[in-house]
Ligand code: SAH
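First comes one chain, alone, set out as C-alpha cells in the form predicted alone.
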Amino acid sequence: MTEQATAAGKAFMYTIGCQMNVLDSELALASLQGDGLSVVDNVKDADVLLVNTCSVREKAEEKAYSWLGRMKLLKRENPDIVIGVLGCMAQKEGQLIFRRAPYVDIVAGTAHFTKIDDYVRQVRATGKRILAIGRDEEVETERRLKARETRHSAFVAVMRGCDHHCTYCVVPNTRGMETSRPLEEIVEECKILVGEGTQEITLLGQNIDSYGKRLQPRRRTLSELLYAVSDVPGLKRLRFITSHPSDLKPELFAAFRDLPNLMPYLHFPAQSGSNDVLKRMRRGYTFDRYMELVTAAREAVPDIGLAGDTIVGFCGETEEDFERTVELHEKTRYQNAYIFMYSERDYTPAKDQGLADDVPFEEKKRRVNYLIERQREWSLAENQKHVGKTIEVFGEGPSKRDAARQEGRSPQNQIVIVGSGRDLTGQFYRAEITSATEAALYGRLC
C-alpha cells in the first residue's frame, strides 16, 4: 500500500467533555489533515471514526461506549473503517476498551492524540491494533487554521495536568502532573491566531492558577501570562479557565482591573460548602476562605460573572453538609453553576482509600434536583440585572434553537440572543437586553 493511499480518507471526531478536550480534538484533526485526510461533519461519510473521551463522571464514559456501540454497526458494513478512542477514558481504561469493544483499532491516551495520523497509517498498513497510553510523550501543539471550527475564537492550552489530588478526581491519573508551556511560546501562538483573524482567546489549564511553577530558568505566574497575552495587538477579548480556589492569588484580581480586554468572568469551582466534605475532598480551603475570594472578586470587579461546579452526595455528606452547600450557592449568587451527583470513579483517591460512597442514590437525586432548582432561581435573578442595559456582544452565529436569531456572548460569558436578518458570526455589536431567563439574555440590536 502506498504512503498516499494510507493517508487518503475522511475523518470524523466526536468530542465529549471539557474545553481542553475541544482543543485536543482540534489538534488531533490537524495532524490528520496534515497527513492528507479531510474532516467531515457526518459520521456516515467518514472512514476514520474517533471519539475524544472524558472520565470525570461515569455518565461521560457511558456516552462514549454507547457511541462506540453505534460505530460497531458501521464497521460491520465496512471493515476498513478505523475506529479510535482518545483522551482521558483511553488513558484510564487502556486495554479494557479493547476487551469491551474489540472492534476498536486505536486507544490513544492524553499525551498521544497529536500522533493519531501515524497510528491511523500503522493500522491501515498492518491491520494491528495500537495501544498508546504512556505519559513520557510530549504533547505537540502545532495547529492549523483549517482544523478549527471557527477562526474568530480559539482555545490555547497553557498547561496540562494537575498536582492537586482531590479525592473524587481522576485528572492527576489521566492527565498527569502539572506541566506548563513557556510564556513566550504561548504569546507567539496567540499572535499567530490573532493574525489569522482570532478576536477572542481562552487560555486553558486543568488548574490554570498554578501556571508556570516548574518553568525554567524562572517560575512564571498566571498574572504575568495574562498581562503578556492581553498585550497582543488586535486581541479584543481574553478569558481563562479553570481556577482552583486554593491557588487564586490577589494579583489576579489586579489583572481584572488593569486589563480592558480581560473579560469579567471567573469560573472557580467550590465543589461543596461543607468544611468536613471539603476536607474529605482534599480541596485545601474552607467555606469562609471561599467566600473571602468571592468578596475580593466582586470588590475588584463589581460586575464580574461568577460560575461554579458543585458535587452533591460525596462520601459521608450529611443533610447539614448539603445545607451548607446550598448556603454557599445562595451567598455566592453564581450566574451559572454546573451541579453533579457524585459517582465513584476508579483510580481516584476516594476509591483507593476506601471512602464509602454511602449517600443513597435517591437521596443524592433529591439533593441534586433541589439545588438545581434553587440555582435556576439565582441564575435568573443574576441575569435579570442586565435587563434594560446595553452591552457589547461577540457574535457566535445562528442560534441553535432558532436559526432566525443570532447567538453571542456577553463580557460575563452569558449567552445573548438577538433577532437579526444577517449573520453576525465573529462580529462585535451592541444589544439592548429586553428580557432574561436563567440560561440566557435576550435583546435587540442597537
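Predicted model only: the values in this text are computed from it and were never measured. Residue positions are given as counts along the sequence shown, with the first one as 1.
One more form of this protein, predicted in complex with the ligand, exists but is not displayed; see below.
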Answer option from R324, R283, R220, K115, heavy atom within 4.5 Å of the ligand in the model of the complex: R283
The unique member of T310, S180, N261, T202 whose heavy atoms fall within 4.5 Å of the ligand in the model of the complex: T310
With heavy atoms only and a cut-off of 4.5 Å, decide whether N275 touches the ligand in the model of the complex. no
Would Y347 show up as a contact with the ligand in the model of the complex if we use heavy atoms at 4.5 Å? no
Would you classify Y370 as touching the ligand in the model of the complex, given a 4.5 Å non-hydrogen atom cut-off? no
Would you check, heavy atoms only and a 4.5 Å threshold, whether H386 touches the ligand in the model of the complex? no
Tell me, please, which stretch of 126-134, 184-192, 263-271, 226-234 lies within 4.5 angstroms of the ligand in the model of the complex when heavy atoms are compared? 263-271
Quick one: in the model of the complex, does every one of Y168, Q206 and T242 get a heavy atom within 4.5 Å of the ligand? yes
Mind listing which residues of 412-442 have a heavy atom within 4.5 Å of the ligand in the model of the complex? none
